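Only one chain comes next, encoded as structure tokens, the form predicted alone.
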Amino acid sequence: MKQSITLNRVTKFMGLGFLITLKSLFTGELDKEGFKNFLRKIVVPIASIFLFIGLWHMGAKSLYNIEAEYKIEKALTEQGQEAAEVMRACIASGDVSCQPNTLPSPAQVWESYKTLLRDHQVIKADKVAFAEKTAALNAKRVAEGKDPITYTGRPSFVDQIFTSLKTVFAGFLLALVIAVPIGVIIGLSKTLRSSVNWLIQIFKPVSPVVWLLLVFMIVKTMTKDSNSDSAFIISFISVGLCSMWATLVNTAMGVASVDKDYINVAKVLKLGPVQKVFKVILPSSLPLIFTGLRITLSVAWMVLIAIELLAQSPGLGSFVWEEFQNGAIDSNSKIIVAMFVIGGIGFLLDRIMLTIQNTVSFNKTSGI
């Protein structure tokens, strides 16, 4: 009995409480309410996944048939019955040269996912081999004060994921560093809030394209004679400027809505301005600040993909654009793989921010 209780505690701690529910279900110890929770939290989500995959498969098959019939009909109209029969046979054979290029099925997307992983392993091996070949030469170049020779081959899909994550976190930190202090300052003064509100309302809805062009002009001028990576600088600054507004507004609202009793207590304790901000105002404003940070991180991830696509800088956005331009038979499948990866990473980033918010805040937030 004691071992069973210990196992249950460990299982709950590891976030695998559903295993206890399954055990109770098979042993007949699950009550009616527990069974309803089991259906709602486990069975229904799994069923919805299979339903989604099934609808996707049927939709892809339907579009495939429509496109195939169109290609056959076009061959019949332009070249005659014999050409139409040749096209029909070619499509039936699975020949890549004549396959309809439309919405891929779940199986095709899965195959593209495995292809991308295999491609990553090949590129990774090439990098290791290149490093081994140039190790002695690079050691000599470094000793002479010269820059080492670096690998210039194409990045893999996994490499581009990490590039995008690095860029989005740099942009997010920039947004945090700019928005939180300015939000605190604005929130402390009604006059300042009313005087800069028009500025916030004008810049908040500006498109990422406009921010990208503005940052591009400034950074290119400032780094004209520099060896720094201007593409990365342009991308993360654009991301930061696009996404900072939710944090700025929420921080200002949080500071402005701090209970006056807390401010009066700070006056009684004779706290200085800096102490008052860090010991009273910021702790009281944390729920709203973290709500703004969650929105900022989500917006940063969304606009990053668009900015990478427009700026042709390395990352997932660039990967999607290159596959779209490529037009290969598996390009659509790879784009959908990227779509799921982008969505999955966005979900994980939001969960991480929610966990941090619930850790440091008195007010627990539901996982919406």
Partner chain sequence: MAYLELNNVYKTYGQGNHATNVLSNINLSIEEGEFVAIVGFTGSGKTTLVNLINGLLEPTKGEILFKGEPVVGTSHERGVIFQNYSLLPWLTVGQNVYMAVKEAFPKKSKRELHDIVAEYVEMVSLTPAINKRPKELSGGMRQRVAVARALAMKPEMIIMDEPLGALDALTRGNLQDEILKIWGKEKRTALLITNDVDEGIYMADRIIPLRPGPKATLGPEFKIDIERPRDKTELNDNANFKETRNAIIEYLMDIGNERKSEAQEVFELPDVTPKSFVGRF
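Just so we're clear, the structure is a prediction, and the values are computed from it rather than from any experiment. Positions refer to the first chain, counted from 1.
Omitted from view is the form predicted in complex with its partner chain, to which the following refers.
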Subject >> All of 270, 275 and 283 with a heavy atom within 4.5 Å of its partner chain in the predicted bound form >> reply: yes
**OP:** Please determine, with the chain shown alone, which of 293-301, 86-94, 145-153, 261-269 has non-hydrogen atoms within 4.5 Å of its partner chain in the predicted bound form.
**Re:** 261-269
**OP:** Sort through 220, 279, 124, 190 and report the residue having a heavy atom within 4.5 Å of its partner chain in the predicted bound form.
**Re:** 279
